[in-house]
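Coming up are structure 1 and structure 2: the same protein chain in two forms, each one given alone as structure tokens.
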Structure 1
């Protein structure tokens, strides 16, 4: 359930970004026609009409002015894709951390002996190659963003270096951002969750994950500061003695004085301590489903 919430946030993040990319596309995909000096002078009185007709034929928007040396639209694209690359890196990092041998809550990739994630030196290891590759793509994509933003500092009506750097950097940005999306997709498509291990890891904390719930229950009785101190005391004792927090709390005089055994039982009911998780999951799914399928580009 903990990771259902996590996956809902991954989905909400991806939906937000897909929506923004569509908006961005409409804003920035406009024609550029200006002639040698950006005045359309060579076209005489027909300059603006030619620009409009060209835009129409190419299925592009019509800008108010030629923008040859004002690269804000290119910068917006770089920025938008850079945010996507960062988001893919976040999802990939979560997966890689969950897949660590010592955590083991998920695995990814083909399961068989020839699976892509097999370590060559250590046959027992299943490396999260999809997440790892997504992370490499994410780093490369983000690395192009300052190059493109810096290349927006173009000289007069003709750049010396900035424009030419865009020819390299913009395709790389698309290539690596797209790579990050694809590899996250592969990781998620092949994701296997080990619910048993997940539960075991939760138990590793000796009930300490319920410390927030205990604090919340104590605050009305003890005030915030005293409640916090009490929970730190029993948390420390639980950690040092490797005893469950619930048992330590039940034996603590200050806590027993204000919380009955029944109240304590309700505090430590993990299944009741999901807050608004279900609502969040519903919302993330609804947002995703409300995205209109997008017609393919002309």
Structure 2
């Protein structure tokens, strides 16, 4: 359940990004036809009609005015892709951290496949290659965004250098962002969760992760301030003696006076302390499923 909740946030993030990109596409993907000075003078009275016909043939929107030297639309695309790349980098970082030897809660890649994460120096080790590559693509994409935004400073109706810089930067931004998405997809498609290791990691603090739950259970009996002090006292004792917090709490006279053994057992049941996790997961899934497939571009 712990990583199900994390995966739900990854899904919600990705759903928001897909929705924003679709909205952005509708707003910025328009034709550009303006002639030498943005007036369509060479086409006489047929200029606007020609622009509309060109937009129709290309499957693009029709702008109010020619916009060759106003690069706000290009900048919005760059910023949007930069946000996508950053989000993919966040997911990739989560996966890489969870795959660390000290944590070991997930692994990626097919077991036994020589090119999918096996260390060349340590045969037992599987590196999170997919997440690592996704993170590299993410950083390259984000680093390209300032180039495109800087290219938005253009002279009058024709750029000197800015437009030309975009020719290199825009394809690279799409390439790196697409790479980040694809590598995250590969990582998630091959993700393997070690539930036993998760449980072992939850037990590393000897119950201290449930200090909040214990405080919450004591507040109705002792009040907020006194409950906090009581839990702080037994938590310090548990840490100093390396004893499970539940056992220390059960031996504490003040806590024992207001919480029965059965109540303490419920307090320290990690699986029961999930709050609204199920609701959040359902919301993330519902939002994802509500997205309608977008019609292909003409």
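Numbering follows the first chain given and starts at 1. We call the rigid core the largest set of C-alpha positions that still match within 1.5 Å between the two forms. Keep in mind it's a predicted model, so treat the numbers as computed, not measured.
Each of the two structures shows the same chain on its own, and it is structure 2 that derives from the form predicted alone. After superposition on the rigid core, the Cα of residue 222 moves by 2 Å or more between structures 1 and 2.
The Cα shift for residue 33 between structures 1 and 2, taken after rigid core superposition, is smaller than 2 angstroms. Superposition of the larger rigid part on its C-alpha atoms leaves the smaller part rotated by 12 degrees between structures 1 and 2. Once the rigid core is matched between structures 1 and 2, the CA atom of residue 263 is found 3.7 Å away.
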